[in-house]
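Presented below, as structure tokens, is a lone chain in the form predicted alone.
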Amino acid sequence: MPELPEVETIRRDLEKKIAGQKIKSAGILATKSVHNKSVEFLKFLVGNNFSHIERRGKLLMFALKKVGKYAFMLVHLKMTGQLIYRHKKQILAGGHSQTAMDTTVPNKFTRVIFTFSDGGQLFFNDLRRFGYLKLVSKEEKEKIVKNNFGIEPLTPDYTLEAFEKLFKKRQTNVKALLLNQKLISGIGNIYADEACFDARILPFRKVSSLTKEEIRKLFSVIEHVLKLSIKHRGTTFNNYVDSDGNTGSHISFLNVYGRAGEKCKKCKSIILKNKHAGRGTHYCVKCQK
């Protein structure tokens, strides 16, 4: 699943391709992937265009130029969603692994297709059909963001004060807290492990056991880890491909994630992997306490 840096890369690149382009036609190949009535969804979008693309956590929000009952099209890739943009012979993709899904589009995984006035096409592919598209009003979009997404790193609402409040009177472990999208938006398995390593904190420690200094350290390294990954266009494990067709290069900068059994880059101890918060968790028992 792409995380905040990967989805932000998709947002930036797709916005350059489709913003301002008139939607000439649209087709729904799987009604389950669209959380509106199909006729209404198509009628509102055809002839319209996307003015820009916003993001909250892992949720993409395509702003519509012509606003009426609806103002945004929400797109969530979930586990296996993928956005593929094709213009003439060029195919650009972002989201789930290109190696896991055939990018000769349309294909058996294609759920929704948009065709733009310049001939470009945007395909929403989804292997397991957990992802979705949904037209919403501005008010509904804001309500969804408020109710489902917590403070987000790299935004003004991510303050030390707000971050410290998350640790009060909670009995969960650190990694579970970081993965809770209603508390902190956009952090997934990769960057939770990396942030804990940079903060020198074991991810399965109870949040109540952290000192103020450890919480402040974790607060600062989260932004550092995410900024570094965005700079390198995300992480790839044979799979993540951004919307310009480039693989992320951040994998070479990872300290623990995906490195179980390898030597720690700092202390040379062996990186361990166990299951915590329902996810495979990587850590160095010597560097992290």
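Numbers for residues come from their place in the sequence shown, where the first is 1. These numbers come from a predicted model, not from an experiment. Rigid core: the largest C-alpha set superposing within 1.5 Å between the two forms.
One more form of this protein, predicted in complex with the DNA, exists but is not displayed; see below.
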Q. Can you pick the one in 16, 273, 265, 22 that has a heavy atom within 4.5 Å of the DNA in the predicted bound form?
A. 273
Q) Pick from 143, 200, 87, 78: which has a non-hydrogen atom within 4.5 Å of the DNA in the predicted bound form? A) 78
(Q) Using a 4.5 Å heavy atom cut-off, which of 151-159, 215-223, 171-179, 135-143 contacts the DNA in the predicted bound form? (A) 171-179
Q) Should residue 231 be counted as a contact of the DNA in the predicted bound form, where contact means heavy atoms within 4.5 Å? A) no
Q: Evaluate residue 124 for contact with the DNA in the predicted bound form, applying a 4.5 angstroms cut-off between non-hydrogen atoms, and reply yes or no.
A: no
Q) At the 4.5 Å heavy atom threshold, is residue 32 in contact with the DNA in the predicted bound form? A) yes
Q. Could you tell me if residue 109 has a non-hydrogen atom within 4.5 Å of the DNA in the predicted bound form?
A. yes
**Q.** Site check 128, 206 and 257: each within 4.5 Å of the DNA in the predicted bound form by heavy atom
**A.** yes
Q) Against the rigid core, is the Cα displacement of residue 191 between this form and the one not shown at least 2 Å? A) no
(Q) Relative to the superposed rigid core, does residue 30 relocate between this form and the one not shown - that is, does its Cα move 2 Å or more? (A) yes
(Q) Once you overlay the rigid core, does the Cα of residue 111 travel 2 Å or further between this form and the one not shown? (A) yes
